[in-house]
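In the block that follows, a single chain appears as structure tokens, in the form predicted alone.
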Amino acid sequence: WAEAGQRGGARVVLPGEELLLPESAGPNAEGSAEQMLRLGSIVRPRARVVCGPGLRRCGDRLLVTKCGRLRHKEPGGGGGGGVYWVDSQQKRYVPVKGDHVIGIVTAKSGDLFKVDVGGSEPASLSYLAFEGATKRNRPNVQVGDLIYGQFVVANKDMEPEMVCIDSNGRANGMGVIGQDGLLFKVTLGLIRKLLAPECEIIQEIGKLYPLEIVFGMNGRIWVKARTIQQTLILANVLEACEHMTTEQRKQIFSRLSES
């Protein structure tokens, strides 16, 4: 049984475990009392619980679906509830609706492109899912091209579907990525760390060389600097950041800036 009694707790959980949450019903509730959280009948209506990656709702229970550390983020206004998710270092990506990913076009099938996103099956991408695309004005997409897009359909019963436009029909940075540059893969945990607001690693890398960089939630990074040597250095630094302490990272960036 997994217990999350502290804010931002980092308890290790395993697949199949049932999540126990503290149910502080009010000021008279006992601080040590920990009861099974029933999503259908929460004591306080405001205590809304959101299941993030690694958790699955099964009836009125929360089940753990992958191994890792249990994380919790309280809602802005307080009042209990919040978001719970499992932070793990997995490499296999499971498509999630709304995620922005980097895919590789593997085939053309009628009006659809098949895109490898690193999941259990390829995603489909319509030729009309690009800004300004029409039946007469088709996008120039070839097999082997890199695509940056987002999922609009992603569940276990259907093939995932991608688009390269936002809700207003604009590309907003999505579409075919340039031919130059380097594509490499990292763990999903590192991607989430790099995409965090005000990430120190990204700020430090931006001071080294002028660069273009694209992050995909599926664990893929595309980076391009002025020279091949600079591009390889950036890729190696990003991969190594996952296993370095803050002090080690600062020493590496100091050496690179001096050279």
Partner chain sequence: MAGSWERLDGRQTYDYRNIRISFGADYGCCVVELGKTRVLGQVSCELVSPKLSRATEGILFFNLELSQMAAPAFEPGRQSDLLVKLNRLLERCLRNSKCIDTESLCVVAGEKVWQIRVDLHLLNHDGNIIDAASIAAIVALCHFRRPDVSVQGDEITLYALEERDPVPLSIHHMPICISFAFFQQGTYLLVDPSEREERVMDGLLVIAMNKHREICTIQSSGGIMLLQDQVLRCSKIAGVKVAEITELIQKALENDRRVRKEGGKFGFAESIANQRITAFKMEKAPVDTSDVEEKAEEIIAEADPPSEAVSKPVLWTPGTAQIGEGIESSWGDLEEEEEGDDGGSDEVTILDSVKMETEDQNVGNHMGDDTPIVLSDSEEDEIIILEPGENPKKTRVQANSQQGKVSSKKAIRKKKKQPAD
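Residue numbers count along the first chain shown, from 1. This is a predicted model, so every value here is computed, not measured.
One more form of this protein, predicted in complex with the partner chain, exists but is not displayed; see below.
**Q** With the partner left out of view, is Glu17 within 4.5 angstroms of the partner chain in the model of the complex by any non-hydrogen atom?
**A** Close contact is absent here: in the model of the complex, Glu17 is far from the partner chain, nothing within 4.5 Å, heavy atoms only.
**Q** If you check in the model of the complex, is Leu182 within 4.5 Å of the partner chain, heavy atoms only?
**A** It does: once the partner chain is placed as it appears in the model of the complex, Leu182 has a heavy atom within 4.5 Å of it.
**Q** Answer for Arg92 alone: is it within 4.5 Å of the partner chain in the model of the complex, judged on heavy atom distances?
**A** Close contact exists here: in the model of the complex, Arg92 approaches the partner chain to within 4.5 Å, heavy atoms only.
**Q** Taking any heavy atom pair closer than or equal to 4.5 Å as contact, tell me whether Leu211 reaches the partner chain in the model of the complex.
**A** Heavy-atom contact with the partner chain at 4.5 Å: absent for Leu211.
**Q** Looking at the partner chain in the model of the complex, do all three of Ile233, Thr245 and Glu258 come within 4.5 Å of it through at least one heavy atom?
**A** Every residue of the candidate spot has a heavy atom within 4.5 Å of the partner chain in the model of the complex.
**Q** Residues in which of 211 to 219, 63 to 71, 50 to 58, 225 to 233 have heavy atoms within 4.5 Å of the partner chain in the model of the complex?
**A** Residues of 225 to 233 come within 4.5 Å of the partner.
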